[in-house]
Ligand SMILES: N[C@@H](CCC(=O)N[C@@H](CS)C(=O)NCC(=O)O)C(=O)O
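The data below hold one chain only, encoded as C-alpha cells and taken in the form predicted on its own.
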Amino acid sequence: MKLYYAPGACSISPHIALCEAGIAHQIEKVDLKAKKTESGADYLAINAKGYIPALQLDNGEVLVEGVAIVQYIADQKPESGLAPKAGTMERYRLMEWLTFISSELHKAFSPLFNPAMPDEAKKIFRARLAQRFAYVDEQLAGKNYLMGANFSVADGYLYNITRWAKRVELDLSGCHNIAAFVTRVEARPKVVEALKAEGLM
C-alpha cells in the first residue's frame, strides 16, 4: 500500500492507523498547491478531488476520504483492535465518532486556515469549535480513549485534528481530559513512528 500525505495535514490519521495495524506501506509526500507528488506524478490523476489522504492499494485501486480509509485499514487487521467488528453496535459507535470528528471538528477548522476569512468571522468559528471540543472533553472523562480502554482509529483521527488547535489559536487549556488524551496518544510507539516518518517530531 502507498499513502499519499502532506505533513501535518489530516493524512496523519491513516498513517497512524497503518503503523498501529502493522501493515507494510510506503508514503509519498504531495505538494497540495502544485498538485504534484514527491516523485513528480500528477496528483490529480491519482485523486481527482485534489486533496489528501489517498491510499493506493496493492491491486492499484485508490481509496480516498480519511474516514473510509481508516476503517479499511482496521478491517485488514481485525486483530489490531483498531475497529470493532462490522455489524456490531460498537462499530456503529466508532462510525458515530468518526462522523462527528469529520463534520463537526475537521471541517470546522477550514475557515480558520483561510487567510481571506475576516478575523471577526474566525472568532465565531473558534467559539463553535471550542464548544465541540468541550463536548469531546466531557466524553473522555474517566476513559483512556473515545471508545473506552482501547485505542481505535477514531482516536488517531481525533489526535490528528486536535494538533491543529495551536496553529489557529484555539484555546483548549480548559480541556484537561483532551490534554491527557493527547499525552497518552503521543506516548504510543506507533504514533511516534508515524510522526517521525512525516518529519513532525
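Remember, it's a predicted structure, so these values are computed and weren't measured experimentally. In case it trips you up, residue 1 is the first one in the sequence shown, and so on.
In what follows, reference is made to the form predicted in complex with this ligand, a form of this protein that is not presented.
Segments offered: 146-154, 131-139, 58-66, 170-178. Contacting this ligand in the predicted bound form at heavy atom distances within 4.5 Å is 58-66. Checking Cys10, Cys19, Val192, Val182 against this ligand in the predicted bound form, a heavy atom within 4.5 Å turns up for just one residue: Cys10.
Heavy atoms of Ile52 reach within 4.5 Å of this ligand in the predicted bound form, making it an interface residue. This ligand in the predicted bound form comes within 4.5 Å of no heavy atom belonging to Arg126. In the predicted bound form, at least one heavy atom of His106 sits within 4.5 Å of this ligand.
Contact check for Leu32: a non-hydrogen atom falls within 4.5 Å of this ligand in the predicted bound form.
Contacts to this ligand in the predicted bound form (heavy atom within 4.5 Å) from stretch 166-191: none.
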